[in-house]
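Read the single chain below, which is given as structure tokens and is the form predicted on its own.
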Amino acid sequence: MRPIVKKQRIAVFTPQGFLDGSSATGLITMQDMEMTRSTGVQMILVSMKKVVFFNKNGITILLDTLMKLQKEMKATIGFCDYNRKQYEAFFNLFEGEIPFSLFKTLDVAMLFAGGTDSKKDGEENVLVFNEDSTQRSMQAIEIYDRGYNPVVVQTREEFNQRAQECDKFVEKVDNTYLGFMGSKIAAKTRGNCVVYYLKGFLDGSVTEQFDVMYHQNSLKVGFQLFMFDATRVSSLNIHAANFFSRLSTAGAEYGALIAIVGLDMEKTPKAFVEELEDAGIMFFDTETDFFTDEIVQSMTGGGSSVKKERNKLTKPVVAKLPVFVEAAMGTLQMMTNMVAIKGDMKIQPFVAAGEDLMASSVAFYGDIEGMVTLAMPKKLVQKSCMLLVGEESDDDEVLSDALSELVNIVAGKSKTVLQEAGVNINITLPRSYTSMDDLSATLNGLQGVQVNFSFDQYPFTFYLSP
């Protein structure tokens, strides 16, 4: 099945009928692959407009071929021309962690495949919505980087309403997913609390299902509040209870609090609850009860002290410093339309530069481990994040969330570049700080690489630490 090349940027395969284990085999031949290589395209997509049925086996077989082309050509791979039901089916089949991109239509894909030769002048508006805030932000940045003016809306209702203004938008982007920049996210955050979602009967297998390394790196970033949503849990046994007990004991070194919310106490042995309470775990009926608790509220802004063994950067991490710095500077320069001027670079404890600062950190782990922190004045946050929030907001909470998304995007870009170089990492959710005292507590006792920049009159600090 030969691909059709659209404007020398996208190669599109268009299968027909059923896309399952038998029909997908040989759908893309060696000759088709060779032809695709010769085009030098930026994207390789499979159109679903003529597919009446597909399953995971069929998609997986196609992905095996597409990923070979992706590795050789450094091209984005994915699917396009699907309906809402098919879009949701992709996430259900791959349990929310899909290693490819999804574009609602081929025209939407063209927005993300534009090169410098096709860059627009910023006068054409594109309406953008995604239920996931990180995806929403990444899509807006990618579209903006290609010369369009993204109009970001925060709800489906607002998107449907604005979509009626046909003459104002050259394209409307929803039901789209940028898998090529994605990162594995084990949980969601609410403010400075990490929320894990549990379901079913909890036994010893929870140890395998839970990403302990992710959790440990979340502690490293400075998260102290961890809520386990157990509203969909039927019950738990002694093995699961022991797991939570150990998790709470280990987190105590960081001053962390673990809470379980919504657990059916009538189906849970009283002895297990008492054991967990003795380990420091708190129980709440609802999320509202948790977030309004006095102890929880007293911890919502605090930073944690880090372990003493995190006091040295390794040479492999320092060697990748340019990757992280380039991702940060490139993103901020694009979003602010300012030129970054590099100042000094030193290995030292973190030193805040400027006043009225905000900051956000994200940890990475895998082949190399460390943490990236970006700190800047609130005014620069307003300018750099205006694209993400749709206006120059003064609300600290809105700006803090937007800054966290910005750091997440920088880490995602760095991850992609490192993977191409054969260095594999995962990243935690970002941790935001509106107080430099909280950040100092998190970075206490560490020696890291601090690189100072300025954007016009605004100071900016990049800090790479253990």
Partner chain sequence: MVTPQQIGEYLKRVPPLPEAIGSSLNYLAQGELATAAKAASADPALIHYLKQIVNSAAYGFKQELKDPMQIFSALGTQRAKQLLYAYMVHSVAPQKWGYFALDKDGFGKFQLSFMQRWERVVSTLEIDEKFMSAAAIMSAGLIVADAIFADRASDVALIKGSGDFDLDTILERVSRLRFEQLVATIAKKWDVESDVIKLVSLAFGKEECEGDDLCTPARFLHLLLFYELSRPAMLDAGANSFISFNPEFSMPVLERFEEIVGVE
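Since we're looking at a predicted model, the values are computed, not measured. Numbering follows the first chain given and starts at 1.
Heads up, the form predicted together with its partner chain isn't pictured, but that's what we're talking about next.
The contact residue chosen from Q209, T155, N337, N92 relative to its partner chain in the model of the complex is N337, the criterion being a non-hydrogen atom within 4.5 angstroms. L387 is the sole member of L387, V195, L247, L198 with a non-hydrogen atom lying within 4.5 angstroms of its partner chain in the model of the complex. Not displayed here, its partner chain is kept clear of G422 by more than 4.5 Å at the level of heavy atoms in the model of the complex. When contacts are judged by a 4.5 Å heavy atom cut-off, Y458 does not count as touching its partner chain in the model of the complex. Its partner chain in the model of the complex is approached by N55, whose closest heavy atom lies within 4.5 angstroms of it. Its partner chain in the model of the complex is approached by T29, whose closest heavy atom lies within 4.5 angstroms of it. Heavy atoms within 4.5 Å of its partner chain in the model of the complex belong, among the stretches 430 to 438, 406 to 414, 63 to 71, 36 to 44, to residues of 406 to 414.
Residues of 12 to 32 placing a heavy atom within 4.5 Å of its partner chain in the model of the complex, in sequence order: T14, P15, Q16, G17, F18, D20, S22, S23, T25, G26, L27, T29.
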